[in-house]
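Only one chain comes next, encoded as structure tokens, the form predicted alone.
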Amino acid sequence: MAADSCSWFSALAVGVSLLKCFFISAYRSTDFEVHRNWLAITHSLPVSRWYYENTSEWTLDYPPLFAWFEFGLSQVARSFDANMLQVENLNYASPATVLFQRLSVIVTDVVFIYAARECCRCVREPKGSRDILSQPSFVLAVLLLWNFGLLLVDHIHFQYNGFLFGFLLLSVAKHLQSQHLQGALLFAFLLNLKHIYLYVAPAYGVYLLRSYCFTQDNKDGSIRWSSFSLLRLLALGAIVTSVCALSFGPFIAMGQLPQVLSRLFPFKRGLCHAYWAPNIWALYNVLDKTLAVIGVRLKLLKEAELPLASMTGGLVQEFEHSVLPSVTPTVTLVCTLLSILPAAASIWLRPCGARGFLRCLLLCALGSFMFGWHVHEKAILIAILPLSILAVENREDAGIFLILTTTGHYSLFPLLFTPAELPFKVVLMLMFSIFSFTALRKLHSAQGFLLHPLEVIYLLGLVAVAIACEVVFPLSPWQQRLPFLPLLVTSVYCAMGVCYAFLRLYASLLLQREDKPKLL
């Protein structure tokens, strides 16, 4: 990124920060109370009780480094309102508490802003003077800093995803800059801040072993086994071990590792989240419901013998299938591993530099999202944000980005269900989508259309879905009889788009040529 680009990058960063301040008094989800409770736990209780405290239903279930992050925030929080740091003050939300927690998200987003700047430095600018919308670094900066999903999830719904994604994007940028040890260190810290990023750990492991620990290839591109560097492997191992020891060491010393792990991996929560993420299990659930209804009407099944939730209960955490086999955590693990195996094998057999690693990372994120156990709908951002980097460099990736971003972002709409937030989420998504389509089309104008006609028709169908779910359904008599229907329709329709983007991204990986990557 050129030196004269600092002015517009700073303007973008300051502008989006001011916009975030506008949402301080907006709707907030139960995640607000979750993090307030974690502030209280880490501030008021000894370390030995952090992962045992259960006064609130929102128990501490993030890795230890994030607990220490909350502890650090709590030292500042007591200057705003010390009462928020009392464990027994459940659902405490004084104006000072709201102000502090909202500001804490905005301030810690500085990590994300810095990471976005580093990612922009990795993008090669075209030669010659062109207008700002034709500069890949500018387009990437907007796609990252003004990402609709992050604004909705962090600054309205409430979470610290921007802070965490900052570590992920900064780690990716370091690999693109061939600073692999720094990239590994940042990812190790990220895993110990939030373990959901295990989704992309296979991409890191295979890439670093193949392209960092093995220093040379044969002329045909195959691995040269004699080039293996034990010193590099030990350096990577030392980084991972030291970070994990720093994070989990105190709890291992206290004999609490099993308790911590039971909080991090609560498999009793059920296959799907309370609101179905748009993945393969949403389609599987709907197919099961459909077969159950057909079975009852054909008198092949007795409605009284069917699980209640599968017929009338809507979206719940525990889901027992009626016709199709119920899915266990082991099944989801096997499906997830099978879905990412070709991607991992590809960068082992045909390493394509850091660009190939990034593509593998995206497929690991989407594979885990598609087939994982109890997947949160917000996890789609793990694929959307890094894909922004590829979208400004390649026309094929830009088309995939538009499909995945539009469907993935719209799938987040049900997170904000109050009427007051409807104008904000509609306007913000329209602004981001219009910019994405316009800017990426301009960047790749010489290479043809970004989307096929059927893809355009599918995306336009989201407009009909939005009108039906957000406007028509609340005014219809079905609202009382089938209150879960908008969530189901949104999940299923978006799941088709996410599945398609996943398959198209896989095709681009397996069919790509072994040419020199653009991002180095």
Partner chain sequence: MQTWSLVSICVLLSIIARWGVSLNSYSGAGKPPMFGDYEAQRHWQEVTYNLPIQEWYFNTTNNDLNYWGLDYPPLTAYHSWICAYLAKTINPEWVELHKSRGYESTQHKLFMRTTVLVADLLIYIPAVVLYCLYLTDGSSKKKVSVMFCFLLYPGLILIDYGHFQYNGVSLGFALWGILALGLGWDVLGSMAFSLALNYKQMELYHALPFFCYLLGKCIKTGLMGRGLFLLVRVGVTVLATFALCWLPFLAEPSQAMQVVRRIFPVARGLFEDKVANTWCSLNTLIKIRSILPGDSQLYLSLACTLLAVLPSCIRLLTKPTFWHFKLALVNSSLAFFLFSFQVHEKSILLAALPACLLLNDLPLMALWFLQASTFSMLPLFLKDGLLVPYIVTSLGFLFFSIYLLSALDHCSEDKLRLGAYNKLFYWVLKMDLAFIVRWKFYISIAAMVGLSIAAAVLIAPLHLPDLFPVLISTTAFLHFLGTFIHFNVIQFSEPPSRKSQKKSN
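All values derive from a computational prediction rather than experimental measurement. Positions refer to the first chain, counted from 1.
Same protein, other form: the form predicted in complex with the partner chain, not shown, and the subject of what follows.
A heavy atom within 4.5 Å of the partner chain in the model of the complex is found for exactly one of Pro423, Gly448, Pro266, Gly237: Pro423. Checked against the partner chain in the model of the complex, the candidates Leu503, Met496, Leu19, Leu510 yield a single residue with a heavy atom inside 4.5 Å, and that residue is Leu19. The partner chain in the model of the complex is approached by Pro419, whose closest heavy atom lies within 4.5 angstroms of it. In the model of the complex, none of the heavy atoms of Asn83 sits within 4.5 Å of a heavy atom of the partner chain. The partner chain in the model of the complex is not approached by Ile252, whose heavy atoms all lie more than 4.5 angstroms from it. Taking the partner from the other structure, the partner chain in the model of the complex has no heavy atom within 4.5 Å of any heavy atom of Ser178. The stretch from 180 to 188, 370 to 378, 322 to 330, 426 to 434 that comes within 4.5 Å of the partner chain in the model of the complex, counting heavy atoms only, is 426 to 434.
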